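Listed next as structure tokens is one chain, alone, in the form predicted alone.
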């Protein structure tokens, strides 16, 4: 088995800490402590926190693309693919309950900071938006594909935020069921 490089470990641990503590509240020392390296060794790999943030965003983009590719190949049914996206709220509930949505929390924090990498983080939402719109097009919803993609994104972000705020798993399950029902009603309208 390949040993993970120190650089990759830094990125993975920074990703976890940025999600759990926030970008601004995570220090070099926090990350170095998790990786168990000296600050000098740390600076050999990354000169600034912004360099780490950029690497974390790139990791998240790659992981998101891999997840979308997996959903894409899991079924020929675009409705089922969109359901995979919706049901991620339940799949990731144990993390969302404590930390919110990893995409939403990062983009929101970077917006508040007016951070130069905010646009890079927004690419995560764009990746989901474009993929969802393509699925809606395959369902025959060509004219409304982007609007429906944004609707699902907005609703899922709202559910993640309120689920995190109230720590109410039943609420999340109910909302996921309602989104799936709405999605299936679109499919029936087409058929």
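Source: prediction; values computed, not measured. Numbering follows the first chain given and starts at 1.
Below, we turn to the form predicted in complex with a further copy of the same chain, even though it does not appear here.
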- Task: Check, residue by residue, if 107, 118 and 165 all come within 4.5 Å of a further copy of the same chain in the model of the complex, counting heavy atoms only.
- Result: yes
- Message: So in the model of the complex, is a further copy of the same chain close enough to residue 99 to count as touching (4.5 Å, heavy atoms)?
- Response: yes
- Query: Do residue 157 and a further copy of the same chain come within 4.5 Å of each other in the model of the complex, heavy atoms counted?
  - Reply: yes
- Task: Report whether the minimum heavy atom distance between residue 153 and a further copy of the same chain in the model of the complex is within 4.5 Å.
- Result: yes
- Item | 4.5 Å heavy atom contact, residue 43 and a further copy of the same chain in the model of the complex | no
- For the heavy atom contacts within 4.5 Å of a further copy of the same chain in the model of the complex, list the residues of 123-142 involved, in sequence order. 125, 126, 129
